[in-house]
Structures are given as C-alpha cells and as structure tokens.
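Each of the two blocks below gives one form of the same protein chain as structure tokens; they are labelled structure 1 and structure 2.
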Structure 1
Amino acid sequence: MVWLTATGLVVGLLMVAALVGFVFWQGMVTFWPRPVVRLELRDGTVVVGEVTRGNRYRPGPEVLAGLDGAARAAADGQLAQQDGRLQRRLVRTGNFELTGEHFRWVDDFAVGQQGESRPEWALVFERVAWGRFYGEPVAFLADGEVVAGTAAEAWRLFGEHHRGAADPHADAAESGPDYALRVATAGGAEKDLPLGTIVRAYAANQLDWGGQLGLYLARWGEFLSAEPREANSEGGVFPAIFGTVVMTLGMTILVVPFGVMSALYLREYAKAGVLTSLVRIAINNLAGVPSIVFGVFGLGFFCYIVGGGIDQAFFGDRLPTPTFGTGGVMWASLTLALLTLPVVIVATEEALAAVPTSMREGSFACGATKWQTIRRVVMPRALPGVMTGAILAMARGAGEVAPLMLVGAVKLAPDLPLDGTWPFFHPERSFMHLGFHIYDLGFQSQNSEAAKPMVFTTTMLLIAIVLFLNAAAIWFRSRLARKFSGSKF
C-alpha cells in the first residue's frame, strides 16, 4: 500500500518532468535547421521539403483502392508488419503560391526505391509573405537581366547582395538595381524571388555544424527581437514580450502598495475580531475566484463604465469609436492587480505575522510611534516576504490569459504601449501578450501546422519566465527563513 502512495508521487513528478522536458525540448530544437529531402514518388511526383514529423495511421479502403504494382506490395508489406497501420511523413513543402499548400503527407510506401535524396542545392527561403519557399537556384537576375547562370554562381551573388528583407517603409528609389534569384521548384516551375522579400535563405544540405549553429542563433535572435510576420506564424514575438512586461510591471506598481497597505491595516491597525477574521476569510476566498470572473468584471467595469466615462468626458469627438472604452493595457493591469491583490495581501500578512511582537514592543518602549515602528522595525524584516508576494503576483500575472482575452490582449498590436511618441506611455492601447499569443497561434491561426514551432518556442519562453519568477520567490522565502530563524527575543 505504501507502494501505491509512492506511485502517486512518482506519477506526479514524472508528469512535471515530462511536461517541462517536452516543452523545452520542442522549443529548443525548433529553430535548428533540418535537412531538405527530395522524395520521388512512384507516380512520378517529386516532393521537396523538410520532414516535420511522422506517424502511423490506419488507412481507409480508399487509400489502398487506387494502388497497383510495387506501391501495393509495399503498402501490404507495411500493413502486415505494423498491425494494419501505415507509416507516413508530414513534409513541409512550402511554395504556397504555386501549390496552394504548406504541408503534405507522404506515405512511405509511395516513395520509390532509392527515391529519397538530399539535393546539394536545395535552398530554404524564409520570406516576408507567403511562407517558406523550397527550390534550387537557377540564375541570379539584376533588373531582370540574368547575371549568373549556375547554381553556385547565383548563390554566391545572392550572398553578396542580400541585405535582409527590405523595410517596407524605406524609400525604394535609393536602393540599387532590383536583384532577384530565379529558383526552380520540385514541380519543375521557375520563380523569380526578389531579394527584398527574402528574410533569410540557406542551403540546408550544405550547412556544416557551425553553419547550423549560426542559423539557429540567428533565428533565436529574430524570435526575441523582431515583430511577427505571416499572421504571427513566423518572425519574432518582441511585441508580445514587451506587452507582457509592460502589463506585468503596471500591475505590480498598482498591486504592491495597495496590497501592502491592506495587509498592514489588517495586521497592525485593525482590531483583531470577528470582522477582521471574516475579511481574512473573504480574501483567502477571493484568491480562489476564477480569473475569468475578474476578466468579466474588468470588461464591464473598467472598460465599459470607467473607460466609457472617460471617453464621454474627454474624447467625445472621437465617439462612437472608443478610446478608453475598450480593452487596453491600463485596464488589463488594473484587472490583474485586482486578481493578484489577495496574493500580495496574504504573503505580506504572513511576513508581518512572522515579525515577533517583542520587537514591536521594544520599539514602542523606546518611544517610537506606530508608524515609526512599522517603517523602521517591522517593514525591513517583512520586506523579503513582501518581495515574495510581489514576485508570486508577477508570476501569476504573467501567466494569466483568460481575463486578458476580455480586457485588451489582441493577436496583433504593432503599436507598443510604450514608445517614443508623446506622451510615451499609451495606457489605452491594446497589447500583445505571450500567453494570448500561444492561444492565438494554436487555435486561431489559418496555418496552424506552420505555427506549431512558434507555439512551442513561445511556450518555452513563457514557462521560463514564470519558472524563473517562482524560483526567485522560493529563494527569497528560504533566505527570509534563514535570516530570521532563531532571532526571536
């Protein structure tokens, strides 16, 4: 029976390890470049792309019906071996404007004998629009004229002239000739890719270890610092990181003073009695009220009533388009501040309770007033506890998504809430948030398969932030315990 309890613990620990490990593994490998494979199918089709993943499936009769000869034999062989299932791979083929699809399932039995190869000149293009492009370079063009006719030469010239994607706001006239790379795709078509539309290109099968690492780091750099592209499925998450930080900071600034003062009031000023214990129960209770309820309150009260009131009073000329009367970073911060208030109050109260009464009495005996005692004696000792509460509140606020969906987190907000234009802080602007970004990428994206790697990296980033904050809180708490253990009078 003891073993059963041990099973419970082991399963619990395994689940944590598996989840965090899985997310971190997926997040870490996502940006590592994969080789480009060329699959020649038995029916003559050629598929070029990166293998994303593979699985086994149970084929319906329609899959097998149209097969003949060697393919049928290969499929039957697999079916016999694998308990009626077939192996297939999901290949990212890109070239959306030509084929109308980003991904394609390829059955293993459909690939011919020696039909799999890794062509040396297979290039991967990450572009500003239309997703990835796979193909082999044929020629390099300057103003429509072919300058180089071989793959190697074209690729060398590309390396010379490519300066990253063109800034759409920059003046096009200043730049030199219009360069383009002519690329042949697996389907036999040729397409000229203007250099300005290409974010990054690499010959996946030529990269050595160092090249792969460089590409990997470059992608991480882009991820952390750039704006999203292609309906958020490519590019970076900088606005989301920034939005999360601004929102969380705003929340902290709002919640900590109020939380600390509430706790001080409850612990130091209010008379202990039925009322304070009732209030304490209520506060503990509110820590358990679902976050979405706070979101509903935030939308109804802050956005519609307070924000609507501000609009009526100050922005009447812009109505009915709301300025403050809709979701915004200020309302999100306020809502989350309300949500995390119990966390801060409870943590601060615990820290205050841990300060021995004898110290207060000593201070009073020396003639200090109540406020002096609190400021000079109680607060310094309680500070690590307060910090713990604040960090826990930040961790909770950074990871919370449900209320933000109602009070201002949006899928794309190119205008940051804090920028160089007066008045620098724009509390009415809606913002991007890492957690909402995950939800949006995974569930609202048209090309959810392509967005998957981004979801994992974003998830990893969010978990890393939250775990870091929690670890910091735990560290503070243990330091507090060490510092003051046994220091009672």
Structure 2
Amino acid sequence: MVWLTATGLVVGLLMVAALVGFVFWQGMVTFWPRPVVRLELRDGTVVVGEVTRGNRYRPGPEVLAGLDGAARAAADGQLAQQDGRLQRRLVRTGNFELTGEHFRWVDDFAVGQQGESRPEWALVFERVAWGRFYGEPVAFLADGEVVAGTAAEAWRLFGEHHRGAADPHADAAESGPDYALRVATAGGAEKDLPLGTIVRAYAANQLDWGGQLGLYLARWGEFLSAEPREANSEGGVFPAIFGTVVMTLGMTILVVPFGVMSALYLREYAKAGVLTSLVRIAINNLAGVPSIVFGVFGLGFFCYIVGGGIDQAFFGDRLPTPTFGTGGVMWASLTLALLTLPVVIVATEEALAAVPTSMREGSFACGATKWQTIRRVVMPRALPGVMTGAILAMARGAGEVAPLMLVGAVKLAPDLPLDGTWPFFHPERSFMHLGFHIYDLGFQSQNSEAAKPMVFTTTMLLIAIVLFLNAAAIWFRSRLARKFSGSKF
C-alpha cells in the first residue's frame, strides 16, 4: 500500500509537471525571432516566410496524382525512407492583403535542389493591421517621392524616421513629409508601407544573438504593456492582465468576510439539528453546481434586477442605455464570490474545528464572553486555515471563464475599470480577462495558426499570475502560523 500510494503521488506530480512545463516551454519560445527562408519550388513558385513547425503525413492519392519528373522521384524517395510518409513544413508567409493567406504548407519534395536560402535583406514587418508582411526593401519614399533607391540606404532611412515602434497608433512624425518604405514581395509585387502603420521591422537574417535577445525582450514588453490588435492575435494583453487581477482581488475581498461569518455561525453559534444539517448539505452541493449556472444567476439577478433597479433609481436620464444593468466588473466579482463561497465556508469550518476545545474552556474560565473567546483565542489560531480557504477560492475564481462571459468579460475593453478619472474605480465597466482571452484566441480567431502560440503564452501568464497571488497569500499565512504557533494561552 505504501508503494501504491507513493506511485499515485509520483504519477500525479509528473502529470502536473508535464502540463505546466509544456505550457511554459511553448509560451517562452513564442516571441523568439526565427530566420526568414526563401523556398523556390519545382513549379517555379517562390515562398518566403518563417518556418513555424513541420510534421510527417501519409499522402492521399490526390497528392501524388499530379506529380511527375523530379518531384515524383523526390516524393518516392521520401516515401521509401520514411515508412510511407512525407515531410512538410508550415511557413508563415504573411502578406494577407496580397495573397489571401497567412500560412502555407510546403512539401519538402516540392522544393528544388538549390531552392532554399536565407536572403540577407528579408525583412519582417509587424503592423497595426493585416498581420505580418515579408519582403525586401526597394526604396524609401517621402511624400510619394523616392529619396533612396538601394536596400541599405532605404533601411537606414527607415531606422531614422520610424516612430511606430513606440506608439503603433501614432503618425510617422508629428509634422513633415509622409514617409513610406517600398517593399518587394516574393511574387515580384511591390507595396508601399507607411511608417505609421508599422509597429516594428527587422532584418531577420542579419540579427546576431544580441539582436535576437533584444527583439525578444521588446516583444515581451509589448505583450505585457500594450493593448491587443489584429483580433487579439497580436499586440499585448495589459487590459486582460489588469482586469484579471482587479476581478480576482474584488472577488476575494467579497467572499472571505461572508464565508468566514457563515462558518463562524455554523461552527460556534448554530445548534446541531436538522436545519443545520440541511444547510451544510446545501453548501456542499452548491460546490458541485456547474459554473455556467452561477453566470446565468448573476446575469439575471445582479445585472438585470439589482443593476436595473440602480439604473431606474439613479440613472433614469440615461435609459434605455443601461449603466449598471449590464455586465461589469462588480457583478463578475459578486458572481464568482458566490461560486467560491462554499470553498471558504468549508475551509474555515475545518480551521475552527481544529482549535482545541481546551483553549475555549480556558478562556471561559477566565471570564471571557463567547465573542471575546472567538475574537481573541479561536480566530487568531484559525487564521492560517482561513487563508487556505481564501487561496483555494482565489485559484478557482481566477481561472473561471464561463460565468464571466455572461456578466462582464468582453473581447476588447479599452477603458480600464480603474483609472485616473473620478471616481477612479468604475465597477459598471466591462473588462477583459485572461481566461476569456485564451478562449477567444483558441476558438474565435480567424487566424488560428498565428493565434496558437499566443494561446500558450497567455495561458502561461495566467498561471504565473495565479501562482503569484497564491504565493503572496501563502507567505501571509506562514507569517500568521509562525506568530501563533509558539504562543500559549
């Protein structure tokens, strides 16, 4: 039995470590720059972009039907060497407004003998809209006139005049000419890219290790401090980070007092009986109710009834446009407080029951009242257990998504619930949440391949935030435990 239980523990730890390790590995490598490759296919097509991943697959008859000559020989050779499978790579080609696609699968057998290279002047453009663009610089323009006609000179002038990296929504300059960089694509087309629409650009195949590290850190800085763009698949997640932290703290502040008071009454004041047993059974059953049910309740009660009543009483001049009668951070916090209330009640009851009865009796013998005994003897020694309940509630509430979709979380909320305008905290505003952001990236994005790395990165960030909040609560709990562990009545 010892070996069996130890094996179960090891398997559980390995599963958790594998999951967290996989998420963190995928998330950490998302922003590392990749080289740009140029692939000349046997049919004369040229593909330029970043190779994101590769795999092997078993081709159907339609794949091999149209092959002949060198391509068929190369495919047959791969099939013989790789157990009937072909190797292919997924290339991020960008240039969506010209090609209508962001990614393209390229079979290795379709690439010619000398068809793969890394052009020196292959540039990667991260833009405010339309996603990435790949091409080589041709000229630099000022008010539509060419002022530099070589790649090196055009790139130098671009570095001097570009200001979009600091503010992607700002103009290329406060005053003066309108600058643009003319770029040639793999298909031979040329396009003028205004500098104000470019977030950043870099020559991928000219970066040394230091340049790659600098670009990697710049992308992380943008991710943590900027707003999202391109349907949330690019840019930053600062509004989602802020909304997640504010909602989680608000939920914790609301649920802990009510949970502690409920547990105190059930443990210290309520008499044993049928009614008390039914209440405890109801609390335990409430912990098993699906979270979406709490979301429906929060929408109907908090948003429509309570919020609608507030609008009728104080914001009648704004109706029929609701102020509090719609989703907001306050209603989301209250809904998740109800969701996590059973966790706090059960943990607090167990902590109160763990306080020795002799300590209560000693307090009564010294003449203390019931409330004085609870406040000065029982609660200080139960605080570590109460903090454990708060930690569990915080961890569960921070990762919930389904209720938030009904009571306040939205795809994009440019106005934060906490800002510098009076009254500073705006509980009626909708907010962004990292959990909902992950759902939106994974299932609602039109560019799923580009959004996939962001899913892992955002997931890693959500785990890190939950771990940070839990670590802070655990540190506080440890201080309380040390404070009271050595004290005597």
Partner chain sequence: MPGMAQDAQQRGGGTITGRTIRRKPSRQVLLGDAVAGKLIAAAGIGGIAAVALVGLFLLWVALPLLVPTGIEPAAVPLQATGAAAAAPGAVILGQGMDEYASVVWTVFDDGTIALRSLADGKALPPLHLGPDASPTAFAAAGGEGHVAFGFADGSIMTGVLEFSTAYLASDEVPADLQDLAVGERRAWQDGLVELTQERQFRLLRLELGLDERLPVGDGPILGLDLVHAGDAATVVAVDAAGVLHDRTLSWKVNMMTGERRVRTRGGDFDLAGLGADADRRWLRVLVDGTSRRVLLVAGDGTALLLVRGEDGAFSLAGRQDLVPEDGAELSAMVWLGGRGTLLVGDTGGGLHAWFTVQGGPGEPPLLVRAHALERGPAAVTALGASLRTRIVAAGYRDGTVRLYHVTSGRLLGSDRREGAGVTAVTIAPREDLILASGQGGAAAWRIDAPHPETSWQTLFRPVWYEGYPGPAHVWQSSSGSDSFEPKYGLVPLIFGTLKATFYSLLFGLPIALLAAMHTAEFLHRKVRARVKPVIETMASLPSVVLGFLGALVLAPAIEGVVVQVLAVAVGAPFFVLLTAHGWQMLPRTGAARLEPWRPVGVLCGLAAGAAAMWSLGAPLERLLFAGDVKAWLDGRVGSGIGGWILLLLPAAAFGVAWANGLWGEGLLRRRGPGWTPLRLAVLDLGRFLAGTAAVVALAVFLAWMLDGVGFDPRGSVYGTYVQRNALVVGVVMGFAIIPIIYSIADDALTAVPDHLRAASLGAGATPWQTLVRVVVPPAVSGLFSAVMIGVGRAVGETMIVLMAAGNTPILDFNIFNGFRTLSANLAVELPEAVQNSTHYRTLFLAALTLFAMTFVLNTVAEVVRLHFRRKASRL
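Just so it is clear, the structure is predicted and the values come from calculations on it, not from any experiment. Here, rigid core means the biggest group of C-alpha atoms that superpose within 1.5 Å across both forms. Please note that residue numbering is based on structure 1, beginning with 1 at the start of its sequence.
- One chain, two forms displayed separately, with the form predicted together with its partner chain being the first of them, structure 1.
- When two forms of a protein are overlaid on their rigid core, residues whose CA moves 2 Å or more are considered shifted, and residue 392 is one of them between structure 1 and structure 2.
- Core-superposed comparison between structure 1 and structure 2: the Cα of residue 146 travels less than 2 Å.
- When two forms of a protein are overlaid on their rigid core, residues whose CA moves 2 Å or more are considered shifted, and residue 379 is one of them between structure 1 and structure 2.
- For residue 357, the displacement of the CA atom between structure 1 and structure 2, after superposition on the rigid core, amounts to 4.2 Å.
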